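We begin with a single chain expressed as structure tokens, specifically the form predicted alone.
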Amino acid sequence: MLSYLLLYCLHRFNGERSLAAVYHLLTGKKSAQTLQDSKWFQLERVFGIYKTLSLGELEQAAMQLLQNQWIVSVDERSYVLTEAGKEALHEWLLSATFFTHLNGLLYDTVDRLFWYRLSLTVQTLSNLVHRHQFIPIHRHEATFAWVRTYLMAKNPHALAQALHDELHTICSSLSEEEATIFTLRLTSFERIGWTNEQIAACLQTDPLYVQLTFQHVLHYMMKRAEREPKQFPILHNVIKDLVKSVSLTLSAQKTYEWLIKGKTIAEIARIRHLKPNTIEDHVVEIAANVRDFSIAPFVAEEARRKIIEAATRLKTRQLKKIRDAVGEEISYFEIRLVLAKAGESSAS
């Protein structure tokens, strides 16, 4: 399973990023470069979906792909797919149904909090209805507080039935395997939810496949709960304060607030006691993530057109190749900004 995930990322990167970039992407490193890569190469869905991955495991998977002759090295730790590799990836993607609703960038860390709330709510209601004492499945104080507040002064029998109906509606639109994986993870008054490894052993499949399928189900559930609050009022309550409309690192968010107040990059660097290059990184991150953020104050229209034309003609996202094509009068910062905004537009 990991080999195919790597194959998918390498195919998108097309030799323009190293194995380390894949590692940072899959583990969800919140750096400006990794966040930009996820958008530029349309890899948002796999951002942060394998946080426990080690670099050694990824290198081992790369060695396996090399032995299979599915990839070839084009630079130090950079690879492109062979024809055999492209064919193998194509066949795998036809069966990788968990890719349908995965959105690691949008739901990074949110899916974990959503699951904490939902699973503890299910466990609590089940035990209240059957008058059982229980040990909470999660020991997460913020989740305890949320569930306690949400359940306060509510009829547990009526709420349990309503939540059951919402989950049944969601699961009815999933495959039998997807619904089974989700259901087996739940804890009730009479059984403890299974781990990914236990489910994988039962279904005779890869634990990583179970993990990704489970995430896919959660992301699908959250998306529907967000978009259909009238049909899923309980699930909507679980998710509504967790998903941010704009995903920025904390430092970039602070820079964005100063930009809104009309401050320049130099002024923000002075106010925040940071280097101008750091503020430029933030501006690029903002351009990639905030839909209505204009880059016009930072890049002239003629320069923007030159950058887009060069990137399209050369079929590359490599900054040096584009800089060589457009000339030194256009800065790397301007190129990064244009690519960031172009990536944000294509992902919309």
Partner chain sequence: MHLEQRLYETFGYRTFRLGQKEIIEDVLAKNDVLAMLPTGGGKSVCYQLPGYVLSGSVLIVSPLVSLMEDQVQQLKMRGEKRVIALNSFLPDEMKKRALANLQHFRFIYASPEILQSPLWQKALKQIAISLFVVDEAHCISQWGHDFRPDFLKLGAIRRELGNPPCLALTATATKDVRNDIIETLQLTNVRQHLYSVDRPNIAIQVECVDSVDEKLARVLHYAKTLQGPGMIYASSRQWTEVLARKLEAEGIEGVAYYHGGMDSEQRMLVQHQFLCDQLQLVCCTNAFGMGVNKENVRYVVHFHLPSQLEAYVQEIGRAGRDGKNSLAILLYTHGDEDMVQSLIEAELPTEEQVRLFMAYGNDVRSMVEINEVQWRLLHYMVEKERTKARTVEEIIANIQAAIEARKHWKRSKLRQMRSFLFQPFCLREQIVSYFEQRLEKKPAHCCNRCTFSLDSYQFKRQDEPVRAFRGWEEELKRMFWNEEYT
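All of these numbers come straight from a predicted model, not from anything done at the bench. Numbering follows the first chain given and starts at 1.
The same protein also exists as the form predicted together with the partner chain; that form is not shown, yet it is the one meant from here on.
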{"query": "Heavy atom within 4.5 Å of the partner chain in the model of the complex - residue from T180, S251, T97, T82", "finding": "T180"}
{"query": "Partner-contacting position among L151, V243, L184, L89 - heavy atom within 4.5 Å of the partner chain in the model of the complex", "finding": "L184"}
{"query": "Q64, heavy atom within 4.5 angstroms of the partner chain in the model of the complex", "finding": "no"}
{"query": "R227, heavy atom within 4.5 angstroms of the partner chain in the model of the complex", "finding": "no"}
{"query": "Distance check, H273 to the partner chain in the model of the complex, heavy atom within 4.5 Å", "finding": "no"}
{"query": "Residue contact check: E76 to the partner chain in the model of the complex, 4.5 Å heavy atom", "finding": "no"}
{"query": "Segment that reaches the partner chain in the model of the complex - one of 68-76, 99-107, 155-163, 258-266, heavy atoms within 4.5 Å", "finding": "155-163"}
{"query": "Every residue of W115, F134 and I192 near the partner chain in the model of the complex, heavy atom within 4.5 Å", "finding": "yes"}
{"query": "Stretch 27-60: residues contacting the partner chain in the model of the complex, 4.5 Å heavy atom cut-off", "finding": "T52"}
